[in-house]
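Take a look at this single chain in structure tokens; it is the form predicted alone.
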């Protein structure tokens, strides 16, 4: 356990040395500044509630406007957080495997399993810290502006970090197999931006192809890859007080995480460097 913690700390220091943490924090700070300017410039009574038909009056104004704002920003925030997180950690494994770096690491009294787990936990801690800074600050700003201190918005930190962890496990596996950060980013963005949203509406393709084989293939692909689109909807549902109605996207995505970490450890343990 101590070796895993040491490898985790080394990963965190690596992100600092390559300015990854600072870049992520800089983008988050820019987002906060933009919202800060907006909140300062517009009074609560005149705040635009885009795309809602809520009748706001009296004591409800703060909570209803803040709820509308959370719905308005939560999905872009989800996409931005995952996008930046993938970009910030995609090179960790390829750089670890560079000649000289891997020789030094393997010469230390640490197992390859502990090294992979340390890289995994270190990357997640870096992303968790940045997401906490961004989302907690937004929550404070909304609370101060509108007097709404609903804690459910903070669940976005946990859920976005979880989705990142799922994709990061795949990034680690791809990095070990291909030693390519570009390939890892491309596949992650492909799942996040294209495959998962398309497969979330797979019923349309059942009608389009009208083939049991095609339906079986689409179902298999759907249940295998992470459910980033459905989890995005879960964040929205939580922020309007609905709770989680279907845990399947979370459970299957967690299984994907475990599978990728296990394969990463097995393949990394058998490779010669």
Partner chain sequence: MINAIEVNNLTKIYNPKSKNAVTALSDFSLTVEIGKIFGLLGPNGAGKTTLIKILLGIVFQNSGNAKILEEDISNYKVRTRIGYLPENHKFPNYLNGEDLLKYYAKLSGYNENDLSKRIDELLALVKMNKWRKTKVKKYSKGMLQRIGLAQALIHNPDLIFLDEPTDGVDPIGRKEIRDILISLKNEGKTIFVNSHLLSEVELISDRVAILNNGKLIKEGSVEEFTTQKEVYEVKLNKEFDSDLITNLLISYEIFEFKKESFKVKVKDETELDKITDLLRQHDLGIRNLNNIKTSLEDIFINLINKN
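Residue numbers count along the first chain shown, from 1. Nothing here was measured: the structure is a model prediction, and the numbers come from that model.
This protein has a second form, the form predicted in complex with its partner chain, left out of what is shown; the following refers to that one.
In the predicted complex, its partner chain stays beyond 4.5 Å of every heavy atom belonging to residue 179. At a distance threshold of 4.5 angstroms between non-hydrogen atoms, residue 186 is out of contact with its partner chain in the predicted complex. Using a 4.5 angstroms limit between non-hydrogen atoms, residue 10 touches its partner chain in the predicted complex. Among heavy atoms of residue 200, none comes within 4.5 Å of its partner chain in the predicted complex. Between its partner chain and the residues 104, 158, 144, 194, the one pair within 4.5 Å by heavy atoms in the predicted complex involves 104. This chain is displayed without its partner chain, yet in the predicted complex the stretch 93-101 from 133-141, 168-176, 150-158, 93-101 comes within 4.5 Å of it by heavy atoms. Along 160-191, a non-hydrogen atom within 4.5 Å of its partner chain in the predicted complex is carried by no residue at all.
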